[in-house]
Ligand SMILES: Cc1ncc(COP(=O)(O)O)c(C=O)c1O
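Take a look at this single chain, the form predicted on its own, given in C-alpha cells.
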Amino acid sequence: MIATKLMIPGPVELDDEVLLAMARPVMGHRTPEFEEVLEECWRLLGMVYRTKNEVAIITGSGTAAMEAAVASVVEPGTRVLSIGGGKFGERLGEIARCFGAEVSRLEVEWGGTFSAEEVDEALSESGAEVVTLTHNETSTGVVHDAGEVGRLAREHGALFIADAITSVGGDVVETDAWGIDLCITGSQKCLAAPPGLGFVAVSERAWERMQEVRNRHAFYLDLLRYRKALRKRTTPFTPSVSLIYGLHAALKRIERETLEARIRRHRALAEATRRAAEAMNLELLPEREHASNTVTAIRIPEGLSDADVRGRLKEEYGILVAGGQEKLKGRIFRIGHMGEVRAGELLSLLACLEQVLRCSGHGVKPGAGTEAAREVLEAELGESLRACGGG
C-alpha cells in the first residue's frame, strides 16, 4: 500500500497553496520579476533564521548545503572538530574528510548529548579551526545545545557550522545570537516547502575565512560564487524556479502564522506525542530534557518488530512513520510532527498506533494515548484546538 499520510521527519506534506504556487508558469530566472520573488525569499529566510546575515539559496538537498558550508571553509589540513551523536552529526565530519580536513571526533552516545566541559576539552585538545554540530538530530530525536557550542567556538577562535535542517522553522534557532557562522537548513522539513532546496546563512567571519582558503575543491557548491551573485540579487547558477515559487508560498505561510506561534505549535505536538507514547507503555529514546521539538524517537516494544509497528501502520492505515537508521535500525520508530502537521492529524495517527500495538500484542489501554495527547494539546493550543474540532 502506498502511504497516503506522511508523518516522517521530512519530506513533509505540502499545503495546497504551496502546490498551486509550483504550478505557475516558469519565468526567466534573470528577470526583474523573478528577482522580486528571490528578494521576498531572502527577507523571509532571514526571519526564520533570526539572522541579518546573507543566505545562499542552493538548488540541491540539505546535504548539498552541508557540503557547500564545509567545502567553502575547509581545505587539506584544516583541523575540524566533529560533534557526533547521530547519523547526520557524523555526516558533517565525513564531508570534511572528503576535503582533506584533519577531523577529530567528539563521540556522543546515540540518544544522548554532550556537556559544555566535553566540548571545551575537545576544542582545546584538537586545536580545531572549525567545529560542526547537528542541532536537531532526527536519527535519535535529540536536540543539542547549539548556543553553548557557539559560545565555546568563539572562545577558541573556531568557526561554527551548524546543521539546523530539521529545526529552522520548527524550534528556536538564534543564528546570530548563538554565533553560528554557517547555518544550514533544507526546504522539505519544518519550512514545509518542496524538497530540493538547501540554504546556508553565512556570517562575516565565515566570508573572511573563505577568502583565505587557497586550495579550493568546489565549483557549484563554492559559497563565494553565491556571494558574488547575492551582490547582484540573483543566484550564480540556474535555480529551480518552480521550487522557489513553492518556497515563497511556504515562507509566507510561516509569516502569517508567525514564527513564535509555529514554534509553539511544534512544541505542543512534540509534548503530546511524548505523553501519548508513555501512556501507551512505550519507551522514549532520548531523555525528555533533550527531546526534539520536531521528531519523536520511540523504542519498539520488546517482542515486536519494525513490521509490527511501521509495517502495519502503512499497510492498514496508509500512514508512513520513519524507522531507525544504522545502529538503531529495527530498534526504534520515529514520528515526524513538523511543518504543517496539526493537532487532528497527530491524534489520528496516535489512534491508529494504539490499534496497531493492541493487535500486535502490546498492552495498551484503549484511548490512553490519544487522551493523554489531547490534554496537552488543549492546554497548549487552547482555542485553536477546540475551534477546529481537534485539528
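Quick note: we count residues from 1 along the sequence shown, nothing fancier. Because the structure is predicted, anything quoted here is derived from the model rather than measured.
Although it is not shown, the form predicted in complex with the named molecule is what the next lines describe.
When the named molecule is considered in the model of the complex, only one residue from Gln188, Asn293, Thr273, Ser72 comes within 4.5 Å through any heavy atom, namely Gln188. Checked against the named molecule in the model of the complex, the candidates Arg91, His156, Arg205, Arg267 yield a single residue with a heavy atom inside 4.5 Å, and that residue is Arg91. Site residues Thr175, Thr258 and Ile263 are none of them in contact with the named molecule in the model of the complex, judged by any heavy atom within 4.5 Å. Using a 4.5 angstroms limit between non-hydrogen atoms, Ile180 is distant from the named molecule in the model of the complex. When the named molecule is considered in the model of the complex, Thr134 lines it closely, a heavy atom lying within 4.5 Å.
A residue is said to contact a partner when one of its heavy atoms sits within 4.5 Å of a partner heavy atom; Ser61 meets this definition for the named molecule in the model of the complex. At the 4.5 Å threshold, heavy atoms of Ile161 stay clear of the named molecule in the model of the complex, well away from it. The partner is not drawn, yet in the model of the complex one stretch among 229 to 237, 216 to 224, 112 to 120, 83 to 91 has residues with heavy atoms inside 4.5 Å of the named molecule: 83 to 91.
Taking the named molecule as positioned in the model of the complex, the residues of 154 to 168 that bring a heavy atom within 4.5 Å of it are, in sequence order, Asp163, Ile165, Thr166.
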